[in-house]
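Let's start with one chain on its own, the form predicted alone, as structure tokens.
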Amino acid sequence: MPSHVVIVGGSMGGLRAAEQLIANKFDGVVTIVGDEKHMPYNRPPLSKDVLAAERDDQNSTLDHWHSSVAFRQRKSIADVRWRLGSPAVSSDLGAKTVTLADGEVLNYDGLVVATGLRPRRLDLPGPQSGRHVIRTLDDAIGLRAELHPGTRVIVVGGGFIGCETAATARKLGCEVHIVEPMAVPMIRPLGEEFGNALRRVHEASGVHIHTGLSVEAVVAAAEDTSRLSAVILTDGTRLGADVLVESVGSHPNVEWLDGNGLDLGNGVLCDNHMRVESRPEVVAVGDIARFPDPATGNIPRRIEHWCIPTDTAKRAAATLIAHLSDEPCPDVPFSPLPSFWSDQFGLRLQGYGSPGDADHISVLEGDLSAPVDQDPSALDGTVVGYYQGSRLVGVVMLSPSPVTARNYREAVETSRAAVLTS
């Protein structure tokens, strides 16, 4: 078997790919290339635990925060070579080489694309100090330093990350506004009825929500023109602001693959084995991979859920080792079950499947209209099913019991399995 696999991407997807290659008996050299200097860490706590943790200057070093979110390093990957802090800047898939920012050229027999996403930014001139995104540990630490009681925080984008950040900032005593271009926060993943229920939770907890609007301009402070002091919304509303959190989507990190004739229009196009088109020695994992799922119509698309790096790494590693061993790929359809969760004002939102594919919903347990003015826990136990016709394509629950969560996960899995066998 050829001896060198290069994994470009030093986050969760890259780590899981290395673990799976070794678990599948790959005995060559594995090199992981990462743009951050940190070893891989878990991102979901960034918008919650890292921002909300008690202010303690003695325990607020970068090492402290990294150790609180870092993935445990398995002994099996002790021999992996790490090239951190020097991202890949170009590649020649014909020559099987990757070039790093420091000029080093890596040759490979197999290549794993795991470079993930970066946050989209608002294209607004003016002061930059006080403007933040949340993608990396450094992002979260930078934002955390500015969140204090009374800080005026504007969150642009009412998706999961934006709403989690708003909830955390509000719990820290900040004055918080969410500015959401759509009619309802979280309407794309959850639908209007569920999104409105969570809107009521936020508003009852003191978050101000402005829908159907965006930020048109940022205003500099008179005493320091590099510093933000207000934002102007598209309807002319002026909101005082010390901090602007831009949670407005993301871009796949594909530029280093330019020039190889690949379809990079929205991530890296793969087949159901995670092979990058026409390149059997190249696979992709994580939210940069755009692959067809037979349970959702075989239309290639990216999935930005926490479980996907692990699931796609298993598939991609098996595919790559089969190629390097000159063996056929397993002839089994790949259809990972998306799963996600979010914590907001004491509610645990947990989901399975593809709610965004539904044409209608049904409240299966509880009541989305329950009053939340005094206590968001009035929504605890609510379960919403998402359907295409009569087929269950997803379910989202609020603070479910373990038994409830397991039962509805199985219901979604059963529905997806029926599509694969039909």
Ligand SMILES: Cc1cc2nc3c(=O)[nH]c(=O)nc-3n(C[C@H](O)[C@H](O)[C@H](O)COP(=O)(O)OP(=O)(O)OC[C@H]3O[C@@H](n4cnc5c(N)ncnc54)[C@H](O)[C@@H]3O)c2cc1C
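From 1 onward, residues are counted along the sequence shown. What you are looking at is a predicted structure, and each value in this text was computed from that prediction instead of being measured.
What follows is about the form predicted together with the ligand, which we do not show.
With a 4.5 Å cutoff on heavy atoms, residue 244 does not count as touching the ligand in the model of the complex; it lies far away. When contacts are judged by a 4.5 Å heavy atom cut-off, residue 211 does not count as touching the ligand in the model of the complex. Contact annotation for residue 394: none of its heavy atoms lies within 4.5 Å of the ligand in the model of the complex. In the model of the complex, at least one heavy atom of residue 44 sits within 4.5 Å of the ligand. In plain terms, the part of the chain that comes close to the ligand in the model of the complex, with a heavy atom within 4.5 Å, is 282 to 290 out of 315 to 323, 262 to 270, 192 to 200, 282 to 290. Taken together, 117, 161 and 340 are fully in contact with the ligand in the model of the complex: each brings a heavy atom within 4.5 Å. Out of the listed residues 250, 253, 335, 151, 253 is the one that sits within 4.5 Å of the ligand in the model of the complex by at least one heavy atom. Residue in contact with the ligand in the model of the complex (any heavy atom within 4.5 Å), chosen from 36, 365, 373, 357: 36. Contacts to the ligand in the model of the complex (heavy atom within 4.5 Å) from stretch 298 to 316: 304, 305, 306, 309.
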